[in-house]
Ligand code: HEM
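A single chain comes next, written as structure tokens; it is the form predicted alone.
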Amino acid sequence: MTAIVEARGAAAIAPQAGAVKLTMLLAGAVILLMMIFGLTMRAAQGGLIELDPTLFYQIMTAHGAGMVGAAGLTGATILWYFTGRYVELLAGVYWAFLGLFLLGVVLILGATFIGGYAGAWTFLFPLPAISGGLWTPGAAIVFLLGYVSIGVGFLLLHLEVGRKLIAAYGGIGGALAWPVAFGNGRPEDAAPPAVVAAMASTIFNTLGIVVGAAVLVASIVNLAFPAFTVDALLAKNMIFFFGHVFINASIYMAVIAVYEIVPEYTGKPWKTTRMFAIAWTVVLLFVLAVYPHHLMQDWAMPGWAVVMGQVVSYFSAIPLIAVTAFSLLVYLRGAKSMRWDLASALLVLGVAGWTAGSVPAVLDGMIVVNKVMHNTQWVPGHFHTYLLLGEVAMAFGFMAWLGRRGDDSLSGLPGASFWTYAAGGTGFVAMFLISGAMSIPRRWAVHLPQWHLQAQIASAFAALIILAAAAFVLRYVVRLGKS
């Protein structure tokens, strides 16, 4: 443990704080732009503006790729920053990660708005090759190469984090606190919560990225040489394994900020308990196994896989709640006091939003519900809850913490922007869920008149979200300028 403490001290003065602050600034700008894209689409669906359907689907593609990418970027940045408190990480790896990510962004935006690619962020095979003349195979290849670039960057980051944690904590089991979870290890000797979360996230995101890279390369080869065939069902399984793991990893990486920052507001350390360690191990397994709930409407899927998708989806909320909502409530209850400012409020909101998002997700993971709800706006309702009120809230909380001052409080403009964001986000996702319950379809550029009201109300809530998010980012920029 002495070596770990010494490494933590060395890492704390490593010249990477500037890179992290720059990354969060870039991510904040991207999130704001993607929110504007989202408002544009909802306004078009509500008949408030006219938007050519071709442009709608290009914006939808960029919005999906951009928000998922920004969630991954902020989550990985949080993981990197706080893992650097416990082990010394190579700064060059982070710069390579950021450079490859930005290269991927340029390729994706170019393919979408110059090349006209509009096949959604999920790039489902064989859609990239079947455009109806709206984009060329070359545009699709550039889009997929953008994903490959981003994936390689994430892989480098996770390999660096993984190898350092394995070396410092005596293997994967030590970094996951298995001696406490399944043996006679003492909690005080266990890896801290941030390390457990970082190790678990590194394992399942690495596996997801490798599978994603394989199907991306296969799709690129198919686009360049159509004679090269790909099994469509296998490709879809691989794509959804990658996509589901990646977006979940983004949230699980972001929650590290809660484990590390909230104790500064309570004066009470967040400890690795037996329940905490077991829950994270179960999370590791469930994140890898739960993706088949996306494929319940593919009748060619083996029956056992569909059943597994429902069963794992149904139970996956239990360890999630154990490592987030329940553990946070227990922790806060045991603390003598809690100081509230914008950072701490957003972090707690992120945990609450993530937990709330698990409820519609579990419902959609049930076959009888999935059959009638999966292709409705219920689905964007649940994942916008995960992101807007979950991961993105935690990312904004981390940004607020990076720009903190000693006299910060939740009064005045910070308090107003927080409550505006919470109210806007709640209303926005509620309109998605209500629309889904009314069987309003998702991914439709043009809505029937009887669907306009729901989209119009959602647009109003989206405007509130953008106003609050702009206040968060502007506050961050001002405070960085003064530091």
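These numbers come from a predicted model, not from an experiment. Numbering starts at 1 and runs along the sequence shown.
Only in words, not in the display: the form predicted in complex with the ligand, which the text now covers.
Using a 4.5 angstroms heavy atom cutoff to the ligand in the model of the complex, none of M24, A343 and K482 count as contacting. By the criterion of a heavy atom within 4.5 Å, V20 is excluded from the residues contacting the ligand in the model of the complex.
Contact annotation: H384 falls within 4.5 Å of the ligand in the model of the complex, judged by heavy atom distances. Looking at G28, you'd find every heavy atom of it more than 4.5 angstroms from the ligand in the model of the complex. Though the partner is left out of this view, S435 does not reach within 4.5 Å of the ligand in the model of the complex, counting heavy atoms only. Comment: 119-127 is the region of 263-271, 119-127, 95-103, 283-291 lying near the ligand in the model of the complex, near meaning a non-hydrogen atom within 4.5 Å.
Residues are counted as partner-facing when one of their heavy atoms sits within 4.5 Å of the ligand in the model of the complex; in 57-74 these are M60, H63, G64, M67, V68, A71, in sequence order.
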